[in-house]
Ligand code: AMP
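Below you'll find only one chain, the form predicted alone, shown as structure tokens.
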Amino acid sequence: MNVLVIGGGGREHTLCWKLRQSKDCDKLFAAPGNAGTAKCATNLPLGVTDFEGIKKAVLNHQIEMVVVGPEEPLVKGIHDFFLADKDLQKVGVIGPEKAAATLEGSKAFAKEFMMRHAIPTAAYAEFTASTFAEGEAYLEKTNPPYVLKADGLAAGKGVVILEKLEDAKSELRRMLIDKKFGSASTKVVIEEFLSGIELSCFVLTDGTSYVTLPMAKDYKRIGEGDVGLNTGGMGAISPVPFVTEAFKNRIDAEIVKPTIEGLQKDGMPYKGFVFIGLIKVGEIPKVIEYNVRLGDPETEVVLPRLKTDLMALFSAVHQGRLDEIELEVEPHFAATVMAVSGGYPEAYEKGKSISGLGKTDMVFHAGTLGDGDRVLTNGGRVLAATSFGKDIDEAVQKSYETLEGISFEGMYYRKDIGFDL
């Protein structure tokens, strides 16, 4: 089967790396891809929302399956685009249709979905510019910290947590009145702050059956000890030691099962990944957010742990027979550590030459560009080094050893991934 992976980050390189291991994957393409995907797939110079360009590529290369990496094409309806085109209808698309993708496209929609299906989450209220005064009054009635979320997609920057009431009111004004995030903050969700430890749960579903992939924990802050600005993710660990069998069963019974059944009840077909951002409050799992695709850098620890053929899983999703697949998982720990450009997540430079990539296997490219024989930095997050170990310490240490052999100007990575476990 010929396969196209849409996207150009670490998640997509990991998907290509895993799919390349399958005997059922014939020709593999990535759009637009990066210097890493170029080693295991053919890169196509296409934007992730260039649906017409993607159609031409699918027909030209006789592609039978499309795996959608990022959220934007899903929220904009790429799956619906394929279903509506007679030339593309038989192509398998891994990723939900537009209606279900609203779970990530709108925070308010996701909260309403959870309330409707009794899925545990934080209390909340939603406001627009016309109800700004009510939003201020709502903040006055709640306790700090104050959690404000732009309703729409805001490139991972739409969530703000503030300690002071006046700061929260000012931020609400910036979001709703000053349109800080453009159309993404036309509506703002103010949410109860939940105190606990976070984790990521990944579910693959064909709309009826589902399998729960290995869980992971990522590290968002730029600084060691989880301080400083939020990033797209500085590293991840899988499995998560505090997820006992009993806690996993609670997640399945109280969150995963009601989510899949809720999608069915609401008439929203879903073939693809559901990424459930969770928080463990005491012994209670609660949902922080839904994403409608794999997370990054969690993908870089979750997919390497899969022993089951990924192509077989995707084919089963497309054909609606996921219940026939038995998931096999590597028991060892996996740890990934992200190397980033100097200055990230604020201003940073691109085009720095990367050395030391010659003998690496599980080094997944997040923001790179091929330039002849050279590989250059092309983003804030540049590379993720993943390793296995009998415990967290061994896995993390191996990833550090890998990164010690790689260099580019301004390279930075956290040296405490897994510190809280």
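The model shown is predicted, which means the values in this text are computed figures rather than measured ones. Residue positions are given as counts along the sequence shown, with the first one as 1.
Another form exists, predicted in complex with this ligand; not displayed. Remarks below refer to it.
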Exercise for review: Spell out, yes or no, whether the shortest heavy atom distance between K220 and this ligand in the model of the complex is within 4.5 Å.
Suggested key: yes
Exercise for review: Verify the contact flag for K107: yes if a non-hydrogen atom of it lies within 4.5 Å of a non-hydrogen atom of this ligand in the model of the complex, no if not.
Suggested key: yes
Exercise for review: Determine whether any heavy atom of E191 comes within 4.5 Å of a heavy atom of this ligand in the model of the complex, and answer yes or no.
Suggested key: yes
Review point. Do A99 and this ligand come within 4.5 Å of each other in the model of the complex, heavy atoms counted?
Key: no
Review point. L153, V211, I161, L306: which sits within 4.5 Å of this ligand in the model of the complex by any heavy atom?
Key: I161
**Study point:** The single option of E171, D80, D252, E289 touching this ligand in the model of the complex, heavy atom within 4.5 Å
**Key:** E289
Practice item. Just one of 85 to 93, 172 to 180, 126 to 134, 194 to 202 has residues with a heavy atom within 4.5 Å of this ligand in the model of the complex, so point it out. Key: 194 to 202
Revision key, fill the gap. Of the residues spanning 113 to 129, the ones with some heavy atom within 4.5 Å of this ligand in the model of the complex are A122
